[in-house]
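Single chain ahead, by itself, as structure tokens, in the form predicted on its own.
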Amino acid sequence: MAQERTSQITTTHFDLRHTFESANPLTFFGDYNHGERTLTYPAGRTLVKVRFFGDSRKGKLIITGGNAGLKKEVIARLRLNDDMEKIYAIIATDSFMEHAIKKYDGMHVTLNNPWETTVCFIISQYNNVKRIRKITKSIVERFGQDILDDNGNVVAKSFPTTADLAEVTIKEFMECGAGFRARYLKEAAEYCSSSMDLDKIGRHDYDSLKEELMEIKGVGDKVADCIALMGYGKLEAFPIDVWVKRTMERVYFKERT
């Protein structure tokens, strides 16, 4: 049996678990093994497998089945080239932020496929992480394409494309647990496969991009910011959900709204 190829990435200020659990798209369709400290997720028709060694200050990621393209995918997806020392210096403005940085050192914002991000955050509306993950995984398993290993065995499903999901009925989305979001998912898939080039609009500035994204049914202000941030890397975006709002009011505005 041929030995599996591996590649390695050295990391600083990176923590795989904190990043996975931070309610970004990987949280909803990737799989993290706490004991083995491994993350697997589909990237197109490839299954990415990474294992983390060390700690948040200094560690390494081992990519199984690695090649130059896959290594670049992991670096880009996990934003491993971000200068976290510089970022922490900028955001460490008070004791609350200093405590958060210390507790969650190495948590990264991820950079994902815009369509994956759109689907995940349409599903996120009025939902919790456990249910978002259950619905998203159900959609991937049911409508994604087979990902095969070198022996032709099915090892995972790809994240369904706009064209894949444009063929799905509202009833089928409902069967995946989407609820009222089923109609939004159907309309978004049809619109993004026929009338919007998600890659092309990524060239726009943040304000123009957000305006374009809100043309998609089911994408409001907060969801558009999530897509802009985690689908396009627009760091100007600042998604505010109910929990962020409550925390900001408690910490900075003394409960004033």
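Small disclaimer: the values here were computed from a predicted structure and weren't measured. Just count from 1 along the sequence shown to find any residue number.
The following text describes the form predicted in complex with the DNA, which does not appear among the structures shown.
Taken together, 126, 134 and 184 are fully in contact with the DNA in the model of the complex: each brings a heavy atom within 4.5 Å. The stretch in contact with the DNA in the model of the complex, judged by heavy atoms within 4.5 Å, is 175 to 183, chosen from 175 to 183, 96 to 104, 141 to 149, 71 to 79.
None of 45, 222, 51, 204 but one reaches within 4.5 angstroms of the DNA in the model of the complex through a heavy atom, and that residue is 222.
Taking the partner from the other structure, the DNA in the model of the complex has a heavy atom within 4.5 Å of a heavy atom of residue 22. Using a 4.5 angstroms limit between non-hydrogen atoms, residue 37 is distant from the DNA in the model of the complex. With a 4.5 Å cutoff on heavy atoms, residue 159 does not count as touching the DNA in the model of the complex; it lies far away. Although the partner is absent from this view, residue 41 stays clear of the DNA in the model of the complex, with no non-hydrogen atom inside 4.5 angstroms. Of all the residues from 27 to 64, the single one having a non-hydrogen atom no more than 4.5 Å from the DNA in the model of the complex is 28.
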